[in-house]
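A single chain comes next, written as structure tokens; it is the form predicted on its own.
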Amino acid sequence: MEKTITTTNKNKVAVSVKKLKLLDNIQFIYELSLARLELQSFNPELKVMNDFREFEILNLNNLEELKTRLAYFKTVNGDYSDYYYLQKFNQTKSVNQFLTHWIYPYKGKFHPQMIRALLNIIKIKRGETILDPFVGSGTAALEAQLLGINSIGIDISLLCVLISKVKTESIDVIDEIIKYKDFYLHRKGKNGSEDKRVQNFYKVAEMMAHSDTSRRGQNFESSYLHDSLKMLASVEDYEKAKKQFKLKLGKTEIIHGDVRKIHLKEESIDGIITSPPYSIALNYVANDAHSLQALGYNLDQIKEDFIGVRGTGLDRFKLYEEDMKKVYDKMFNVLKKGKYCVIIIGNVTFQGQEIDTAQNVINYCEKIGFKTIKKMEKIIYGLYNVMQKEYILIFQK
């Protein structure tokens, strides 16, 4: 499409105008803001149109890059985006739970689109490395992998490490997972696989069955069979998507450990995206007690290791803040100069009083040398009525 514009000397110049349309499921203001920011990160001149569902951009030459990288856009100059197609590889009824994203019902997980957009906004390139010091269920690691970005994910919870590894590593051993399916599902055959990644796959299916039994009262054996086969179909989807879009996956390293004590090389990380544990809104030990116990954890013992869980009342907040300051120090230390750190954090209400956790994070991060680039508000739902909104904080070292 071309438009004719008139310059100051009254010469007519043909300008190529490209249109981009948002995905149909985009509904929140923060998503529109992220869509605009990720588009701006590729430096186009843009104009919002059609009730905020379309954008126009002028004279942009990297349309193919936009088509392969953008998170919130359905079409780029009339062509469907890669992400639109990737979301179709989906064994669930939720648009956000495509590929292996859905595996394990982990509370408080990221929306994949948000992470992909943030990777674009902070300009992480293929082959660079991001860090998520609280990897949780591995959403950031998986989204980085899809974009050819390397990632390091750390978590104190062995359950989180297990889930994150299965989401990102199972594609490498899909043939082995299928080969030993009868052994793990029907106990046919003498031995299981010696590959830890295959063992982990069926271990997570077992954890999901424990969750179904504990939370929904479902039969363990039938749930285990159903979840295993659904997981297998999702990994097969991932393999198909990889081949169809010629994806060169990023390298992923998932580490079981305490980020306060992990030794990473100074200024070795190209970007950080993470969400610290919500100390009052969600007790991660109690929430996944059934799975943690099945993995052999003593819940009383591990509470002292989990940030935000130890202590009671106001002491719990003090311990949380002390622990998180150590984490922010570590994050600043490992991040390269000029690079970006994204922290998604929510304020919580305790005993009727809202605690401005987000501003506390800003104050401390600026104290140790970060520069605040952006503070974006987003509404959240479902965390026991103690948290109604959270903030996307973008810092630069």
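One-based numbering along the sequence shown. Keep in mind that what you see is a predicted model, and the values were worked out from it rather than measured.
Missing here is the form predicted together with a small molecule; even so, the following discussion is about that form.
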{"query": "Contacting member of Val259, Val198, Leu162, Ile272, with respect to the small molecule in the model of the complex [4.5 Å, heavy atom]", "finding": "Val259"}
{"query": "Heavy atom within 4.5 Å of the small molecule in the model of the complex - the one residue of Leu185, Leu86, Ile156, Leu264 that qualifies", "finding": "Ile156"}
{"query": "4.5 Å heavy atom contact, Thr139 and the small molecule in the model of the complex", "finding": "yes"}
{"query": "Distance check, Pro133 to the small molecule in the model of the complex, heavy atom within 4.5 Å", "finding": "yes"}
{"query": "Contact of Lys109 with the small molecule in the model of the complex (heavy atom, 4.5 Å)", "finding": "yes"}
{"query": "Exercise: Gly250 in contact with the small molecule in the model of the complex, heavy atom 4.5 Å", "finding": "no"}
{"query": "Candidate stretches 234 to 242, 148 to 156, 172 to 180, 203 to 211, one within 4.5 Å of the small molecule in the model of the complex by heavy atom", "finding": "148 to 156"}
